[in-house]
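Same chain, two forms, each on its own as structure tokens: structure 1, then structure 2.
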Structure 1
């Protein structure tokens, strides 16, 4: 489990707040304990009925592919059902419910499936509560309300952790996309190149700047080419981000050459009043590289056999 998930699991303080918000009290705990002997008696029957129901639908049946998997899930579901009325709703209970949502997100089980499972549980249990000769009406109502509360709490935890897990995936994928769209490579000894693809916002600029500065230090490169061929348009914010990056590179003692400056981009920069004086610009990466090699006193000889 990654660090972020572990942090979410350890956020136990919110669990007490959630119980208080739903008015889940010690009285509810006592009512649920009254239901526990009944849960022991009917757990196997309820789990079998639940999976018989789930196997009727293609989008859940595919997760129950073989007998071994099915038996393992039934055992887990029985333990879950027993915990529901155990009377212990502390940190261990909290963490087990959080893991349900994370696990379901990992295997691709949609939330509507296990939300429907909670609903099906209630359909199975309610007739047993009100049909129990040991319960008078007041007790049955109390048991039902307590069960309703704990199931609502379970649903909230599972959905919250499911959303959290999805957010983690989106965040990780966003970082990967940013890395792909802002590559920094060493194209010659002493020269790094950083092509920019798409618009620069604050987040991308920060990552781009960090990657470029790290590459300059790692390769000890005195020249950096920043290619903006892939930038569709320049606005004031993008231009300022570009200037900030250039100034950061200068602080390392390296020089920036901006390549891919098309006529429309040049006109826009002039119109925006962006001062690029003192910054070398070239229309192509090839011409920028030639300038960089000249600055490094590197002569590239033509291949006579070419």
Structure 2
């Protein structure tokens, strides 16, 4: 997975900035270190309690299907518990948090489970902070706030990697749709057809025009059919894109026939005052093909032996 171009996923430098924004300072690091002995003492019990809790809900239980996974996750949680109070929050820590976020996203763990798990941890930890005879109120407050800050930093990284992953899926799909939605096919010697599905907006127009012009030259086609059966409505911007495309085709010496003009589209075009009088239009691709074949002096006949 490529992280360098994401608008959601921070890099390590941004993360340092995020720490400053949160006012996460050396003082917080010192407070967190004070918790470390308790982390060592209670990690096992906390992690056991957490997983007992998670196993009570079908939503989370399904991620903990077998003993092996469960044990592996428990070990990872213990390690995280140690890391959280280790006092080391450098690049290594940062990278491990990102990895955790991506792993959670990949297995499909809902962010709400991830977030509420922290809340459950806090329930277990807070009594240990405030019930500790070694901490005066000021220290307890400091420890609590420092813990809150580091958890906030962790959550931000994990949630960002969730969003980043979704963002990647969306941009991949957008590209796929763009590729898919504008095929140009040769349907006869000298005739190419381009069925448009969906609205023709500026991004797609450019791609569509390029493909159509290339296909016309490649197949040496004097006629191109642009089928708009799959276009839900045509506004003036779409019409302009169509007219631009038609003009570009004319420059290549070929001719466009617009097919699939539905009655509804015809009515709105008239209402909009768009003049397509210089362009051959037909209600169906079949009737458009007939016009194309006539232009090429091709006659299609029934097989007399049939």
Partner chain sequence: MAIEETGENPIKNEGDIVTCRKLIRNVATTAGFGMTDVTRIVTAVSELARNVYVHAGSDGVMRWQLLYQPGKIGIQLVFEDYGKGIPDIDQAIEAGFTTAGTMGMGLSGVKRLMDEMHIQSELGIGTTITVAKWGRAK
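For the two forms, the rigid core is made up of the largest set of C-alpha atoms that agree within 1.5 Å on superposition. Given the structure is predicted, the values throughout are model-derived calculations rather than measurements. Positions refer to the first chain, counted from 1.
- The form predicted on its own corresponds to structure 1, not structure 2.
- Superposition of the core reveals a Cα shift of 2 Å or more for residue 294 between the two structures.
- Annotation for residue 188: C-alpha shift of 2 angstroms or more between the two structures, rigid core superposed.
- Core-superposed comparison between the two structures: the Cα of residue 30 travels less than 2 Å.
- For residue 262, the Cα deviation between the two structures after core superposition amounts to 10.3 Å.
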